[in-house]
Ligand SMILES: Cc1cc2nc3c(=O)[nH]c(=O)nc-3n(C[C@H](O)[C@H](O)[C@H](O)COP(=O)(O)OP(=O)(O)OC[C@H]3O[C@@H](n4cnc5c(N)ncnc54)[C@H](O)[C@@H]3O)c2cc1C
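Take a look at this one chain, the form predicted on its own, written out in structure tokens.
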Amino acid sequence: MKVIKQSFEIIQLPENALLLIEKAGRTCYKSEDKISEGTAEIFGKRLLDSQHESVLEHVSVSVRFITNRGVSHEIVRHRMCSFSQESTRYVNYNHKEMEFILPVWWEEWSMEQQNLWTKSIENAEKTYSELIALKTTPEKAREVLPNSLKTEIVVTANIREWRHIFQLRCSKKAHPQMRELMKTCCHEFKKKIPVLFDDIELE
């Protein structure tokens, strides 16, 4: 058994994302002749100011998240995305070290609460292994695995949808585990494409 922290990695983001958006957006106004060095940033901000966000859908970004099963259930509720997720039906965790995601509120817990959580995932791993030893298939043995089980999920969405995801999932109303993951991810988007994410406030 191994306990790890959740994480993410941007695995695909076009280097010319802002230029692609500018080229697409200027088609609407037939102003392609105004494209020059530095105009993509100005044009992108103008799109946001005028709420012409449909143009942002021309650029997609793919992110690999390592998180728990509970958070992944929330992620897949975003309908304007494509998902590829680690399958508990086909992955036999008895053949590898089982991993669980550390709760973001771990330090807030008492020693008793921490011990109860640890005991719970140890029991889940033990029971799963015993079921597999009894020739139970992974898709049936997975019934004993908790939300804390580590999962990997690749999410691809356009820029407009990523903005929507961050606006919802970075809010104080979001689940703490989800919020922590999406806030760190949004910070990275702000570094990579600041013009298109600067306006998203992280509480």
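Everything numeric in this text was worked out from a predicted model, so none of it was measured. The numbering used is simple: start at 1 and walk along the sequence shown.
Not pictured, yet referred to below: the form predicted in complex with the ligand.
- The ligand in the predicted bound form comes within 4.5 Å of a heavy atom belonging to residue 164.
- Within this chain, residue 133 is remote from the site of the ligand in the predicted bound form, having no heavy atom within 4.5 Å.
- At a distance threshold of 4.5 angstroms between non-hydrogen atoms, residue 80 is in contact with the ligand in the predicted bound form.
- Mapping the unseen interface onto this chain, residue 173 counts among the residues with a heavy atom inside 4.5 Å of the ligand in the predicted bound form.
- Residues placing heavy atoms within 4.5 Å of the ligand in the predicted bound form fall in a single listed stretch, namely 71-79, out of 71-79, 107-115, 93-101, 123-131.
- For the options 168, 48, 144, 66, the one in contact with the ligand in the predicted bound form, meaning a heavy atom within 4.5 Å, is 168.
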